[in-house]
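This document opens with one chain alone, in structure tokens, the form predicted alone.
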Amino acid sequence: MKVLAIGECMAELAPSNAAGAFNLGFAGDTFNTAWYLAQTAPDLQVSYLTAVGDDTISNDMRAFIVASGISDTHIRTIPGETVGLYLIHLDNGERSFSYWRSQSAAKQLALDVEALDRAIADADLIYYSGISLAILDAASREALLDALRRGRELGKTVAFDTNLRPRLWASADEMKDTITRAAAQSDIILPSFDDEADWFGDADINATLERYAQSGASQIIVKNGEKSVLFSQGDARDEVTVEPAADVVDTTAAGDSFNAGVLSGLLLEGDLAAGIKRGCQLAGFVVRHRGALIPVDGADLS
């Protein structure tokens, strides 16, 4: 099975154990999910579609992606450009971010429509997010959504994490309209209830699930922090109880790693509930460590 993740990988500065010191890494929402898929599901062939510059840090990022077991076949190099950067701030395990991404080459990831179509045609499942759309200009967003529509017509499966980040959009209305249209081009939707309630006014987690069910998606998985995950398959509804994580250090990539568990469960076992449980275990392991990408050798994913 081939998985194509689409989005922006950035240089990450994460706090180290020494006061005032930071570790340089590479991360980004859809890339994090691709990375955890490559680490935990080696039977999957994982590729990443983005754009990078031709400077040293772009080359280092590309080398890191390949060394992580992720194909760079669909990564474009934009001469004269570079990659985005973000800094993680931690407060009792909760994170906030400062970003420098105005010159990020990833904003041009959808300019080559033929390359988009080739990459999608080569995959079984395509995974993207609200951030993948938010960093693009209006024309590029439409190009990406059109390419995903064509992919579904070819029988490809499209998975979408809504990942609402209003400060990346010109307005809340633009964000909500685009997210809604993107959901209609997706087979699997992975929203987070807290964000959905804030921006779509959902009264409860059931309202989030039912709203996205109207898009026609066959499978919807609503994350809800440490509370139960609500999910649907067709007309069936069920939930998976989440065991609260102990000793939380850093919640960066909690949702991204959860998504990796869900997708691997679906692709390798055809079992959504088992995938959700696997995602919960993986996310619970990740939040006990600093940074977005945590080696999973010690994780219990049984």
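Source: prediction; values computed, not measured. In this text, residue numbers run from 1 along the sequence as written.
From this point on, the text means the form predicted together with adenosine-5'-diphosphate, which you will not see here.
**Message:** Let me test this: is every residue among K223, F258 and C280 within 4.5 Å of adenosine-5'-diphosphate in the predicted complex, going by heavy atom positions?
**Reply:** Heavy-atom distance to adenosine-5'-diphosphate in the predicted complex: all three under 4.5 Å.
**Item:** Stretch from 64 to 72, 41 to 49, 231 to 239, 247 to 255 whose residues place a heavy atom within 4.5 Å of adenosine-5'-diphosphate in the predicted complex
**Value:** Single hit among the candidates: 247 to 255.
**Prompt:** Of S192, S215, T157, Q108, which one comes within 4.5 Å of adenosine-5'-diphosphate in the predicted complex, counting heavy atoms only?
**Reply:** The residue from S192, S215, T157, Q108 that makes the contact is S192.
**4.5 Å heavy atom contact, G291 to adenosine-5'-diphosphate in the predicted complex** = Because no heavy atom of G291 falls inside 4.5 Å of adenosine-5'-diphosphate in the predicted complex, the answer is no.
**Asked** in the predicted complex, does G284 have a heavy atom within 4.5 Å of adenosine-5'-diphosphate?
**Response** Result yes; G284 sits at the interface with adenosine-5'-diphosphate in the predicted complex.
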